[in-house]
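One chain comes next, on its own, written out as structure tokens in the form predicted on its own.
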């Protein structure tokens, strides 16, 4: 049995752990997880997703293929280069949601896009930089050391339930509470675990009230989340609260190496010049983009509306998928390029604290694929480029230091106010629209399973009032309806507002309706109808 030091790819915290692998066996067989108590990111603790990593790695491997025919490595790389070279730069796009991608691979990926003269490059967070002051870019680019969380005197949980969204963050908040910190949550519903001293329940169309309560945010650490689905107006509201008070803002992110991706690709200024994830989907839908290179990214499993994602990507002339596992897109991919599992990779990532973490693996196969089509550099050359872009000089930082630090800056709020006002007007318009037959709202509580495309809970949370209204009994199932889309599943009674439905799983209900360019306008909640599902004839008997 070999002991491998590794990092969990579940979220931007990057928990340290050991993986125990059978000697001489296949890479995924016999894999076990062990705690690594010296890891400063998580101090040995792991969440449910981390403990289930062997199942995460136990998927069917992706092999090299061209037009559905299995080929060797060199043939697949050469075919990918030829197909991309046959396209105009504006017809090509590159997407990498950086969950299992090293800094070194990101340097090679951005370099490859540049080699083809392509500006349709996305890491999933580009649009958020277009509507905020440049002086505020650092808040989105950088995180904060967890020691700052533990030392905070007041913490505002801004629509974040740490026990669900980022379980290892909850331990830091509990430490802060033991140190005397006051914990306040701002949410659509109260956290059942009683972490907060006070809960500010916000109705879906009453965000204006948060501006009126800005004194609540004075001298606080505001903790929120930034995902591809976060409404940019909500980001502006959080920034306005920071700029208008003596508070700081800490944004967690779902993909492990988002910080590395943003910094290596030029930060906010670089993001401004690239294309947004859903903007690229929209251009594919309209036939403007004809070739897409996906680097270790499975948008069908990661994003809501997986079938719509697959339908859109089916319109491509060329789909190149570089991944370690087969995905729902592998069957329609023009070219597939198999790489190595994350825990075997040689390379680094930057976690949300700013720690540059060495993955401890020995394989640079994924990077070699990209470099064979691009500049042909060695791993060592690319690694030196990573250190340069991260501002590390010649040093090799250890996991026990915060190598990528954040400097607080002042920024104005006038532009943000205008942007937020447009958001509030949009909410009021939404409030006048029909919200479904029974007028319920669905709120997704994202978590590592959600972003990995895994159904973990198999139920949603509803209020006792909803249960009574629908005449539900133990053993019944419910049905969520959004237009032609339906989802039948179990339910749990929780202390949530009467018209709110909370799901930690990704459901068939989707926000896009196939109109990718409109996603930035969507509300924070999704309007649905809630019904009691018909019992089967056997159950009725």
Partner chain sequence: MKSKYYLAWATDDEIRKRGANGGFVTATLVSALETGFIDLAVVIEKKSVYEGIPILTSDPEVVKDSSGSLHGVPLNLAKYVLESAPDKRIGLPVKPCDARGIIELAKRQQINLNNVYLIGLNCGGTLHPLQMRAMAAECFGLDPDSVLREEITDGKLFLVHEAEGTEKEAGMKIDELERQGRGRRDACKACDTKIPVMADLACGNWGVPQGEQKTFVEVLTEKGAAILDNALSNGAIEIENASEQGIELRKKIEASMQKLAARWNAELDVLKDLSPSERFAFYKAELQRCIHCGACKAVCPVCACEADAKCLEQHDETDSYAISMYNLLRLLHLMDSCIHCGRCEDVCPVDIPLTLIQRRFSERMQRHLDYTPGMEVTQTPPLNETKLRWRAEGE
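Residue numbers count along the first chain shown, from 1. Predicted model, so just to flag it, every value in this text is computed and none were measured.
Quick note: we don't show the form predicted in complex with the partner chain, though the next part is all about it.
Interface membership of residue 488, defined by any non-hydrogen atom within 4.5 Å of the partner chain in the model of the complex, is ruled out. A residue is said to contact a partner when one of its heavy atoms sits within 4.5 Å of a partner heavy atom; residue 224 fails this definition for the partner chain in the model of the complex, lying far away. At least one heavy atom of residue 40 is located within 4.5 Å of the partner chain in the model of the complex. Proximity of residue 493 to the partner chain in the model of the complex falls within the 4.5 Å heavy atom cutoff. Checking 397, 133, 204, 167 against the partner chain in the model of the complex, a heavy atom within 4.5 Å turns up for just one residue: 167. The contact with the partner chain in the model of the complex, taken as any heavy atom within 4.5 Å, belongs to 174 out of 174, 392, 200, 332.
Contact with the partner chain in the model of the complex, judged as any non-hydrogen atom within 4.5 angstroms, is confined among 103 to 111, 125 to 133, 253 to 261, 188 to 196 to 188 to 196. Contacts between 453 to 471 and the partner chain, taken as any heavy atom within 4.5 Å in the model of the complex, involve 455, 457, 459.
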